[in-house]
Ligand SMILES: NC(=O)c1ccc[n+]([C@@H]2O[C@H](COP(=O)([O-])OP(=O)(O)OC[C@H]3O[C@@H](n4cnc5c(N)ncnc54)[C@H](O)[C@@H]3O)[C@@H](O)[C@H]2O)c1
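One chain follows as structure tokens, the form predicted on its own.
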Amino acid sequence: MDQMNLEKLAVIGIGLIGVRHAELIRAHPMASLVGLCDVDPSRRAVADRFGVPFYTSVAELLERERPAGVVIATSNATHAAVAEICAQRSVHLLIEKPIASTLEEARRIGEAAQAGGIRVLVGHHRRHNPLVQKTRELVRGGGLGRLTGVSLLWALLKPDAYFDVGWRRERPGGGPVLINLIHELDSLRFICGEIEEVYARSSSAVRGLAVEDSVSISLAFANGALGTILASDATPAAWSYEANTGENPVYFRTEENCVHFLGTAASLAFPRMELWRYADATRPGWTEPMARSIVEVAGVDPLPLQLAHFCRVIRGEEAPVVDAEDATRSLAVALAVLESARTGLPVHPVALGGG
């Protein structure tokens, strides 16, 4: 693509994921990286490595570099303030998940986007993964019959150094529910449909931090299906989306399944895409032999696909796969999990304002 047709993009927040976004933009044929921004002046070294200007002021970055879009990869609690600055200057947004730390902040982003006439894509990047898209097709298209339930296990060990970053140890943005399970909850909404009720218990017994290290969640979907999630970031375990899909090469790969989708006609083990059904569909029952087949899907890194989609969103060629309103509903489910764990009572996400 001609250099003049590349989308000028900048990244705000140069932590681990911010650097990853910068790498993707630099390598992508539809985009060019025009600047990096971070409140920490020591991050200038990252910009120097990429050979692009560095700023500690979002407004100055936007004024001088005039990007068509920015990636917001700052801490969750700052998303709304940064988004408002960008929206005032008509800059389109790719916001890392979750969209914000609170529903009030999420609504501020939606209002700012509407007032500024900009488009917002939220980085629930797994929706771009062909494995997730095929699973949605099977579940929603009736390939499993009627969905009855889903069981998800997310378990791994975060190293001690991970918690050297202060916000990861504290509310409102820290803890695996908002950092990690927001992905799982969004994917389950995308695949199975809306979540009407959650009932959760959490524990901080291992590390004793203000945020949870383990959580169990019961889910009720609008279509009548039920679900469970058991999660912990304090155990050496082989069952997590990250480890099992190989989507992120940083994680040690384990050839296991971490989600099971149960239907009246068949069941699916994800991400190995193992489809189980009776060998003779006319003779169902627990005494009858079952057959396993593999649904062939090529797993790919969804982040470059998300970036290409963002470029097309900027051009007005596509609507955001996950817009601010959609992402706010996923945030509401995650916050309902935390509220249920706090109160010991079931919580309806819509009652929190996430409908």
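Numbering starts at 1 and follows the sequence shown. None of the values given here were measured: they were computed from a predicted structure.
There is also a form predicted together with the named molecule; it is not shown, and the following applies to it.
Contact with the named molecule in the predicted complex, judged as any non-hydrogen atom within 4.5 angstroms, is confined among 73-81, 127-135, 255-263, 220-228 to 73-81. Contact check for Ile14, Val58 and Glu96: all three have a heavy atom within 4.5 Å of the named molecule in the predicted complex. Proximity to the named molecule in the predicted complex, defined as a heavy atom within 4.5 Å, singles out one entry of Arg43, His28, His309, Arg329, which is Arg43. Taking a 4.5 Å heavy atom cutoff to the named molecule in the predicted complex, the contact residue among Arg189, Arg277, Arg119, His183 is His183. When contacts are judged by a 4.5 Å heavy atom cut-off, Lys158 does not count as touching the named molecule in the predicted complex. Contact check for Ala210: no non-hydrogen atom falls within 4.5 Å of the named molecule in the predicted complex. The named molecule is not drawn, but in the predicted complex it has no heavy atom within 4.5 Å of Arg140. Though the partner is left out of this view, Val165 does reach within 4.5 Å of the named molecule in the predicted complex, counting heavy atoms only. In the predicted complex, the residues of 34-57 lying within 4.5 Å of the named molecule by at least one heavy atom are, in order, Cys37, Asp38, Val39, Asp40, Arg43.
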